[in-house]
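Shown next as structure tokens: one chain only, the form predicted alone.
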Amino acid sequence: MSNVIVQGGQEVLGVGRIDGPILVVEGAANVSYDEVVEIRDSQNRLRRGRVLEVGEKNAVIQVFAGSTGLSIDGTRVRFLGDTLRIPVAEEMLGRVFDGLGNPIDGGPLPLTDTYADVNGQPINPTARVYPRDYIQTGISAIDGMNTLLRGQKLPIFSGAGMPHDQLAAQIVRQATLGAPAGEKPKETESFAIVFAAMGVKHDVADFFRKSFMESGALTRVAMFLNLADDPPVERLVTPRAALTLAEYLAYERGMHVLVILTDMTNYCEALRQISNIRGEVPSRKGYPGYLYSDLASLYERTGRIRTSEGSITQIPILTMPNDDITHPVPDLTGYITEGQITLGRDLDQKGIYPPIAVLPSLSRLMKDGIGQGRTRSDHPRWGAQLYAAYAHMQDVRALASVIGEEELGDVDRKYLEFGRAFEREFVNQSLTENRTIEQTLEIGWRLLSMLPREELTRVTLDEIKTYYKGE
């Protein structure tokens, strides 16, 4: 049973052309872009689709379930006169849906009278509220060095074989509304997570479901799963269905919603596949020229607005082909979003989890969500000092690889020791370790205490007197 609203409309018998998941229907009048259609084969089996392109004499239709079994003469297409809509309700939390919003957990359809267009509505820039409140993920390399704020879009750039799935699951389990250091975190009743997986393998989907169920996080998570063997056309709808529910929860119910989208590379591959079938002129690496605007239509459905207490925060996860950060998908994503968390292959090979490469990672809004009354007053300068020390350690490490560690001076050796401890104790933490912001700050100060006091040039004298424990 499908949960898409069905309205009346014209019906056409026979199609002009079938090419993969694309149908070309001739003779349809008054058809609208993105209009939903019902498609029935010669045996009256129903499948859904939507209008991709409209011309004077024909309409191009995208079939969600693929065109297998359809014939040119025996296919009936009924135009429904409306866009694709899904039901939205708070009761969808704790449930699992397919990429089109149909339940796949054995439960009933959501009981609601509220249906929302999956394409959403663009947020008026004048209605936006600047993000200033942080979300505590329990992961030091994010909370301390690349702080995530409510209403921010902060992608994770990963690569094949790296533990981005485990990191996403850990963020879902641990993420809470932040609290200043030394204070108890706020209650999480108004905090929800919408998780959308696109083109993932069955074992990966089972990993996420099992992980959320065992931790109890599933009660505040709505999952949208599009598997690798599902039609690629459905993959294009999956993140839009997830964001539609997130918009309802945030702007209608006043909840703080964290949206995790994985893997955006699979989404872009599906977009490229459909574009090639349509015969569009390809752009860089075969992707359509509108890849930027298509990604922006997803990423920009994020933020806070003046008319609602709720917020949408987005963490898209993408795997960079060949670890190439200049590939079109991470390249364009970086232009649209407010920073990135980059996973490092060298850290992963050292057995460090999560292998977050601190130096190429960035949260552009971090400065506005930390400091006095938000995390702790020393956090901004503490973070700058850790960055500077770790960056200098990289230079020392490169020098040591040429002349040998024994030829380094005493201060440079201390930097090498600091760097090893930073990766082993600060970046590295277990899958179940959930650190408060205060614990993260204390670990950082303990590591900075390994350096001579005169090397700490980015923190104040009062902060050194209070937190520095070196000689």
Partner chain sequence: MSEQIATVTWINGPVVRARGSRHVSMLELVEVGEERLVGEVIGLNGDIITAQVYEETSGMRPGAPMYGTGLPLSVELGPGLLKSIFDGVQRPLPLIEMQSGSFIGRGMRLDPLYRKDRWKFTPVAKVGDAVNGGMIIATVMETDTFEHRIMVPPDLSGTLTWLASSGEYTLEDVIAKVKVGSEEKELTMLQRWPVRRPRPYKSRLGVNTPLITGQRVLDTFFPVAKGGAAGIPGPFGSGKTVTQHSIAKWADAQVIVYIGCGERGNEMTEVLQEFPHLTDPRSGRPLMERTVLIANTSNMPVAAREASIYTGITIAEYYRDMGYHVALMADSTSRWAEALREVSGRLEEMPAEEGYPAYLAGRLAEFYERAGYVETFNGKSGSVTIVGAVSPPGGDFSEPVTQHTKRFIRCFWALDKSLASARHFPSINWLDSYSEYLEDVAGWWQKQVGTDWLRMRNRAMEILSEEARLSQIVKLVGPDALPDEERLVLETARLLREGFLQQNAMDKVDAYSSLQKQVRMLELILRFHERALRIVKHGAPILLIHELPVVDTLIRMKTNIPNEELEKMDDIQKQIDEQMSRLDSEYR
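Positions refer to the first chain, counted from 1. Here the rigid core means the biggest group of C-alpha atoms that line up within 1.5 Å when the two forms are laid on top of each other. No experiment lies behind these values; they were computed from the predicted model shown.
Another form, the form predicted together with its partner chain, is not on view; read the next lines as being about it.
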Review point. Its partner chain isn't shown here, but in the predicted bound form, which of 236-244, 92-100, 144-152, 106-114 has heavy atoms within 4.5 Å of it?
Key: 144-152
Practice item. Please check if F157 has a heavy atom lying within 4.5 Å of any heavy atom of its partner chain in the predicted bound form. Key: yes
Check your understanding: Wondering, does P125 line up within 4.5 Å of its partner chain in the predicted bound form on heavy atoms?
Key -> yes
Review point. Though only this chain appears here, would Q372 touch its partner chain in the predicted bound form if you measure heavy atom gaps against 4.5 Å?
Key: no
Point to revise | in the predicted bound form, V31 touching its partner chain (heavy atom, 4.5 Å) | key: yes
Point to revise | its partner chain: the contacting residue among I72, A228, L359, M213 in the predicted bound form [heavy atom, 4.5 Å] | key: L359
Study note, to complete from the structure: Answer key: of V12, L447, V459, I22, within 4.5 Å of its partner chain in the predicted bound form (heavy atoms) is V459
Check your understanding: Which residues within 252-269 place at least one heavy atom within 4.5 Å of its partner chain in the predicted bound form?
Key -> none
Review point. For D412, is the CA shift between the shown form and the other one at least 2 Å following rigid-core superposition?
Key: yes
**Study point:** Core-superposed C-alpha of V24 shifting 2 Å or more between the shown form and the other one
**Key:** no
